[in-house]
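What follows is a pair of forms of the same protein chain, given separately as structure tokens and numbered structure 1 and structure 2.
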Structure 1
Amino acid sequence: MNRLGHILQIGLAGLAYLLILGPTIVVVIVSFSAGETFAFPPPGLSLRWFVEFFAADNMTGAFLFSLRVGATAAIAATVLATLAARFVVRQRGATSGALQSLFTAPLVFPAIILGLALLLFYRTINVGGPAGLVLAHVLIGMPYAFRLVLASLQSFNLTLEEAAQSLGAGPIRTFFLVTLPIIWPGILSGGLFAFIVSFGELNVALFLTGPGYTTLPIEIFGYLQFPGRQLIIAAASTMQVALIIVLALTIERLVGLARVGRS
């Protein structure tokens, strides 16, 4: 009986992984198609849709814009997250709890409402364009960076900082010469995660992108709403999959992905 239960569980797990990963694998395979239209299995293999992707100005423009937004937002989010985590790790009880809830709130808050609120706010104060999107992505990426930096500070021995300061180092020198060399994997992973979140983000970007400053996911969404030329999207998706694999492997090397999932 128990044995049968275990076999059922394994079978169900296989099905779950197939449902989760299968569709994306199909897209990656189809992106190497030599055919003119979508067909599975592809009639032959080629890189023609990647060539088309790089020849399409709007696609490469959106890709480069996404990279720029992601990098800028990730750096700002990591700096803010490090400032916040350095303070929070020294607090106890209610202060620590309240600040942790504040800085991780964008994680569970419906992002579509945040996008609408920011759009309206920007319209009222007459800010717009790429800067508004970057600021929104700083906000969305910050919880991830905050958690990772906080986790690495929690396993960091704070008496090391006290030792440095009692020997006469100022707070800035202490941070850069003592703390940073030890917790940098957490900070770098936090930054990479903030980049990944920004790079794939849709709900806020829906409201805050516009002509001339469209991110790659929004550009793909635009293509998908109208039929035709779908294979260039398969190529764009494969580009994203490849980039995320590289970044995910880097984070795995630095702090371990499974640990990130636990926090």
Structure 2
Amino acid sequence: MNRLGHILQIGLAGLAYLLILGPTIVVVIVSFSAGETFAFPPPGLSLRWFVEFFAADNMTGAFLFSLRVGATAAIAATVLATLAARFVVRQRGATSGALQSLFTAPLVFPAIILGLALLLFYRTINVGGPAGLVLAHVLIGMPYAFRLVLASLQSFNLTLEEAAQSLGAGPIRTFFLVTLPIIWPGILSGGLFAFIVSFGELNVALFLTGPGYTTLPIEIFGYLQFPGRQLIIAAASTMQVALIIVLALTIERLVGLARVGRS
């Protein structure tokens, strides 16, 4: 019975991996197709559609813009998340739980509703353009950074800060010389995850992008409306996947994905 259950678990896990990774693997393979249409398996292999991707000014512009938005939003979200986590970790009981729920609330709301709410709010306070988009991505990425930084701080011995301050170090000096060297894996992981979330965000960006500041997911979404562009979309999607894999390998190299998972 135990052996049967073990086999069943392996089968279900394999099916889950297939359903999750299968479509992505198909898109990546097809992006190297030498054909004219989306067909699997491809009739041949070629880098033609990657050349087309980099030759399309709107695609490369959207890709670079997504990188800038993601980097800016990730830095801002990580700084805010670190400040919030430092405050929350010093609270106890219901206050700590309420604050954690508050800072992770963007994960609960559907992204489309959040995007519409931000659009209406921005119109009320007359904010828009790339700045509004970056602020929205900060809001989306902050919960991921907050959870990882909070996990690092919860395993941090706060008496080390008290000892440093008793020796004459101020709060800022104590943070950079004592706290930061210990919790930096959580901060780095949180920042990278915030960047990944920002770079692939579509639903909120649908409401907040406009002419001249379009992210790559929005550009890909727009290309879906035109027949014959599927292979350029596949190449653009492969670029996104490659970037995420590089970031995941960076996290594994510097911190360890298992450690992030436990957090």
Partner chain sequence: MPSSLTGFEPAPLGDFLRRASSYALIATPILFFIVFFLGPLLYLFVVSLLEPSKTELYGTRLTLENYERILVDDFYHRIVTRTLLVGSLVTGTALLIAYPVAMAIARMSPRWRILAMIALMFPLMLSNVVRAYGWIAVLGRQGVVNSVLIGVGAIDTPLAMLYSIETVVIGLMTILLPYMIISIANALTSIDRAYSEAAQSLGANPWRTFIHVTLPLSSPGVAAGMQIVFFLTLSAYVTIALLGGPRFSLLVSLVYRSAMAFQWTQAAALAFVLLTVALCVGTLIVLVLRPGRVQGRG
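Numbering for residues begins at 1 and runs along the sequence of structure 1. Because the structure is a prediction, the values reported are computed rather than measured. For the two forms, the rigid core is made up of the largest set of C-alpha atoms that agree within 1.5 Å on superposition.
S.K.: Please let me know, 1 or 2, which structure is the form predicted alone?
M.R.: Form predicted alone: structure 2.
S.K.: Taking the rigid core as the frame, does Ile25 move its C-alpha by 2 Å or more between the two structures?
M.R.: No, shifts by less than 2 Å.
S.K.: Would Ala13 count as moving between the two structures, using a Cα shift of 2 angstroms or more after superposing the core as the test?
M.R.: It does, since the Ala13 C-alpha is displaced 2 Å or more between the two structures after the core fit.
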